[in-house]
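Given as structure tokens, the chain that follows is alone and in the form predicted on its own.
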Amino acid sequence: MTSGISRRAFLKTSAVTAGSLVASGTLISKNSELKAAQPASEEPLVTLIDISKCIGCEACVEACREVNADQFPDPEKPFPKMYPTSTVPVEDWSDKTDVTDRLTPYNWLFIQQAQVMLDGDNVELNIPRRCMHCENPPCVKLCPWGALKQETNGLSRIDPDLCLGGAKCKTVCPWEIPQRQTGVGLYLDILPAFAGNGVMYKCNRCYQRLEKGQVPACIEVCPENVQIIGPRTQILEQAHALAKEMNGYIYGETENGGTHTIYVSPVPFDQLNQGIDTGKGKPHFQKVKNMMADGTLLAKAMIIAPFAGLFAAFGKYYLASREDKK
């Protein structure tokens, strides 16, 4: 944490202190208008995260929580008993909503600390972690319920109205990003004892803000311009220039076939990975192969796709009919 300036102070003053364009004319930071950064070709929007700049103030974490609070789960209790009981475990974060040191259904972004050696000194690097938003996301392609979608701007998001919480998305995610909350979602109406056990949650890249031409909240409030956002081609050019300037390293350009989150670090990522605490809700920085290049997964995706589409259509029809009866 920074001294003398609270995270909430950052949030209150971000509109005043927001910067403008950085690097080239279409790379955006803070609360500059984003509309110019979305080219006619609809090239995916990508974020570049400069690990060397992050001071760990958690302004981005609080901004994410405040902006997305209306999307957080409000579970019904007691939870339905699942049969068999070993099928899907109950995952309840409703009494731990203040946890910010890992990913949870109520915390879609956290700051991961790494203790590393840099230029002969033992230093701490701070790393904003959230969904990587893959170019070819296995979570989207392999969700059996059609609850995930990838927008034309490259972000992937979960539709909480359609998700049954089966956690396939977490299983196929190389970083195990999505997190489940029991006691919410469509499964309560359809098969509360046999299906899913909740809804999965993760960063949706502030899609509601992007639709309005605004940048994600975490970018808007950052006092150090740790992140910029723009078309993938230009972000990659900026990432390589930055890595060359600091004699650094890039993560996300090729991992899992490429992601829409690009990290630049002053130390190698295998070294960074050794210096962080990994585990549940705390993703790693290991090398990741392109999962959707796997023939078995491709075949599964082709089989799942039509059924997922049918279920998504049914889910939307069911929800609409339920609303009509109110």
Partner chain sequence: MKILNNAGHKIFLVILFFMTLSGFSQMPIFKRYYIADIPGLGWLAQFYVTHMIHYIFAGLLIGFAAYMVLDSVFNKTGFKKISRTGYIKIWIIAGLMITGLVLVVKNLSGIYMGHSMIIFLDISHLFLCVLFLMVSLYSLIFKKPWQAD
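All of these numbers come straight from a predicted model, not from anything done at the bench. Numbering follows the first chain given and starts at 1.
As for the form predicted in complex with its partner chain, it is not shown, yet the points below apply to it.
Could you check which residue among 222, 131, 199, 148 gets a heavy atom within 4.5 Å of its partner chain in the predicted bound form? Spelling it out, the residue with a heavy atom inside the cut-off is 148.
Tell me, which of 294, 277, 270, 66 has a heavy atom within 4.5 angstroms of its partner chain in the predicted bound form? Contact check passes for 294.
Out of the stretches listed (212-220, 121-129, 105-113, 152-160), which one is close to its partner chain in the predicted bound form, meaning heavy atoms within 4.5 Å? Only one stretch qualifies here: 152-160.
Heavy atoms within 4.5 Å of its partner chain in the predicted bound form: does residue 138 have any? Yes, residue 138 is a contact residue.
Even though its partner chain is not shown here, does residue 44 get within 4.5 Å of it in the predicted bound form, heavy atoms only? Looking in the predicted bound form, residue contacts with its partner chain include residue 44, since a heavy atom lies within 4.5 Å.
4.5 Å heavy atom contact, residue 194 to its partner chain in the predicted bound form: Looking in the predicted bound form, residue contacts with its partner chain include residue 194, since a heavy atom lies within 4.5 Å.
Residue 55 near its partner chain in the predicted bound form, any heavy atom under 4.5 Å? No, residue 55 stays farther than 4.5 Å from its partner chain in the predicted bound form.
Listed by sequence position, which residues of 158-177 have a non-hydrogen atom within 4.5 angstroms of its partner chain in the predicted bound form? Contacts from 158-177: 159, 162, 166, 168, 171, 172.
In the predicted bound form, the Cα separation between residue 253 and residue 296 changes by 3 Å or more relative to the shown form; did it shrink or grow? It is closer: in the predicted bound form, the C-alpha atoms of residue 253 and residue 296 lie at least 3 Å nearer than they do here.
Classify the change in Cα distance between residue 305 and residue 283 in the predicted bound form as closer or farther, relative to the shown form (magnitude of 3 Å or more). It is farther: in the predicted bound form, the C-alpha atoms of residue 305 and residue 283 lie at least 3 Å more apart than they do here.
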